[in-house]
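Below, in structure tokens: the form predicted on its own, a single chain.
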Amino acid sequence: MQNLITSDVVISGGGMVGAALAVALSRLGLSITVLERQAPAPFEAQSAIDLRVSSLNLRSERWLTALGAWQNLQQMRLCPYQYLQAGEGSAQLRFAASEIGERHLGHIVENNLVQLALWQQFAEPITVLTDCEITALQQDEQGVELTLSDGRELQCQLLIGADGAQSKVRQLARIGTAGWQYQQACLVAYVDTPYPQQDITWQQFYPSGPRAFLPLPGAQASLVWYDEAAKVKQLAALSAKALEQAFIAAFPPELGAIKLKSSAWFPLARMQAQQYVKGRVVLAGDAAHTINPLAGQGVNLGFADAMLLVEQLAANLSAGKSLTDADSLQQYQRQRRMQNTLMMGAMDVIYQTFSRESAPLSLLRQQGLRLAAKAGMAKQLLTKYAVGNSVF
């Protein structure tokens, strides 16, 4: 058939996680087809910073370096941070890169630039199809057959859904989800600050929700304001000047006199697929799970999915097994689902602990933060875990 495309692996979704999978799997000698709505735009140094940013930990940085993408990002823009701070009232818990022998704890990077840096590593045998989506999916013991919206058909041994929280692959494979919508929403703002580029990211807890500061290249920052959904909608409806003043009034005075450049809001939800694997279909990243963005772990969890999946598939090839060996794919599902569930639960515990308005509880929380700041070895282990390093 003239419209038939055959490859070893089809990846639906060419965002950060999907693109990383494409690069890594192509290096195993597999033929890859990537489906993505559109290619990322070229980088322009004078372009405004995008509102969608991620905090990439050291483990993600190492993997992107191995894929050759980190070197591309360094030619664009990114912002390292050496300190991470969380607090309530006057009690502050600060983590420093120097405490674990590192130069930094992570980087704040625009999502679209991470995607672009990975796409710049695309080469044979990666085929990219844009302006189309999967409309039908069938699988059996022989493989997977896909029909696209433009009429073309694809055949592959393995289909990976890395197509986001509203995954079409997950829906077509009839994989259910469990989760809920949080009562809070999130307002994100890109601002100019009165200070040079900063090397700290911080989060201050309030009964109505946390407020966070993420440094960006130059005298710029991303501000994140969590609050009741109705409150966030009211804030989003303000004029730029009024919203600017609302941020200054609501954030700690150390923020200074900011100038608002752009803003947007979005609801918060927790979701996890009931299966990460169904036959020859595998889910990764936001297609498999979404998490409260409280600690900025979303894309790091997605990259962790991708790393383990590549490791499992590489082991299958080395051992002469089928690429879609059932035991291997089930091991991927068990490990990643357990680890993601633990992280999601930890974020919910933090969220619930700091959202209860009570003077005695507030004093107890603040005392806990002060004790944690003096915890020595335990604090170092927590820092190592947060950046993706081995704790042993």
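Residue positions are given as counts along the sequence shown, with the first one as 1. Quick caveat, the model's predicted, so the values are computed rather than measured.
Unshown form predicted together with a small molecule; subsequent notes refer to it.
- Proximity to the small molecule in the predicted bound form, defined as a heavy atom within 4.5 Å, holds among A273, A117, L158, C186 only for C186.
- Within this chain, V299 lines the site of the small molecule in the predicted bound form, having a heavy atom no more than 4.5 Å away.
- P80 falls outside the set of residues with a heavy atom inside 4.5 Å of the small molecule in the predicted bound form.
- Although the partner is absent here, A242 sits far enough away that none of its heavy atoms falls within 4.5 Å of the small molecule in the predicted bound form.
- A residue is said to contact a partner when one of its heavy atoms sits within 4.5 Å of a partner heavy atom; L64 fails this definition for the small molecule in the predicted bound form, lying far away.
- Screening 69 to 77, 281 to 289, 227 to 235, 97 to 105 for residues having heavy atoms within 4.5 Å of the small molecule in the predicted bound form returns a single hit, 281 to 289.
- Using a 4.5 Å cut-off to the small molecule in the predicted bound form, each of R37, C132 and A162 places a heavy atom inside that distance.
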